[in-house]
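Before any questions on binding or motion, here is one chain by itself as structure tokens, the form predicted on its own.
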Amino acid sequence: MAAVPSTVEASQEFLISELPEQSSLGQDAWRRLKRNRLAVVGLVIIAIFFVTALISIVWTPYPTWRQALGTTYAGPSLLHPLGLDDYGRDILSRVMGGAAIALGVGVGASFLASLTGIILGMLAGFFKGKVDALISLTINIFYGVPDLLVALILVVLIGRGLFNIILAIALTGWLGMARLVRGQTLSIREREYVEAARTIGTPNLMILSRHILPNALGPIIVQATYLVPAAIIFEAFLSLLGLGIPPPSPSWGRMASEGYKALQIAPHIVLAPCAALSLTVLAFNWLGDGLRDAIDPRMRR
């Protein structure tokens, strides 16, 4: 006769079967992110703009540079849903082309600024001493100089090309990332698993890449997300000053600057690029806020 399981064993089996499956930190963060409606809306808007930017590389309703497609300052119509600008160019085509420039500048500048900040911040926090003092001094010096002045000097010296604008913005945007990563590294380097890795002779580069960087990745992703809209706004501001992407490239900032002269008689020239710019910036900010809450371990149950 088979042995009947005891009441204790049966209750243990029942409790084990009722326990929820353990999820990774990434899965848990994604689940919380999906519950944040603004973050989801932001993610959808960003996806739409990315698809629009990719499409604009190979196709737009009209060439972004072609002039005299109709009456200048013409309002929205079936042929030109967003109207025409002061040169008779199709605004919808130029807004689509501007999406590629805005996202290219935002993502490119965020990547370069994050890469610079991560490397310098990890070096400063891990080695401390003279290395930390030198990097911290450099950060403080850069903080003392206005970002706009640094960008203007770089643009004047190296020119106004797309890559030059990205480089100029990145060189003014790495400071916050460096300070964040330095603080994270100072905290993580004192933990037991890092001390154990040092004890067994693990090389410093391996400790930085396998232990410190993965554990600081959450705040880094959030900070990099916030750098994208900041870079987009910076490029638009440079274009408003006439120092952004040179024409005939359809930068949203330049489109707003050119249409400002006719704001009273043709407001659609300014409203279209400004609406695209505002939506993009809001979407990245919403996504950044959602990532911040999703990745925060204190929010995890």
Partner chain sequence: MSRGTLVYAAQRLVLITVTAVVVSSIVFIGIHQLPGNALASERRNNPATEAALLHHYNLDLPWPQQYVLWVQGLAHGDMGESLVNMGVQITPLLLREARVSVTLGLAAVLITIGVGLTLGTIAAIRQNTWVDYVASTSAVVGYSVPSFVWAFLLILLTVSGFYAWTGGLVYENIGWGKIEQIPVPALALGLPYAAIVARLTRASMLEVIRQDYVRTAWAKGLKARVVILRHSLRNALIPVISILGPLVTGIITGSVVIEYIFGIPGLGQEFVSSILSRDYNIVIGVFTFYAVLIGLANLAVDLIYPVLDPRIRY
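Just so it is clear, the model here is predicted, and its values are computed rather than measured. Positions refer to the first chain, counted from 1.
One more form of this protein exists, namely the form predicted together with the partner chain; it is left out here, but the text below deals with it.
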query: Which one, Leu152, Ile119, Leu175, Leu112, lies within 4.5 Å of the partner chain in the model of the complex by heavy atoms?
result: Leu152
field: Listed residue (Ala39, Ala236, Ala272, Ile245) with a non-hydrogen atom within 4.5 angstroms of the partner chain in the model of the complex
entry: Ala236
- prompt: Is the partner chain close enough to Val145, Ser278 and Asn285 in the model of the complex that each of the three has a heavy atom within 4.5 Å of it?
  reply: yes
- request: Counting only non-hydrogen atoms, choose the one of 99-107, 83-91, 128-136, 155-163 that falls within 4.5 Å of the partner chain in the model of the complex.
  value: 155-163
- prompt: According to a 4.5 angstroms non-hydrogen atom cut-off, is Tyr260 in contact with the partner chain in the model of the complex?
  reply: yes
query: How about Leu241: is it within 4.5 Å of the partner chain in the model of the complex, going by heavy atoms?
result: yes
field: Heavy atom of Gly70 within 4.5 Å of the partner chain in the model of the complex
entry: no
message: Is it the case that Pro63, even though its partner is missing from this view, gets within 4.5 Å of the partner chain in the model of the complex, heavy atoms only?
response: no
- prompt: in the model of the complex, which residues of 245-268 put a heavy atom within 4.5 Å of the partner chain?
  reply: Ala256, Tyr260, Leu263, Gln264, Pro267
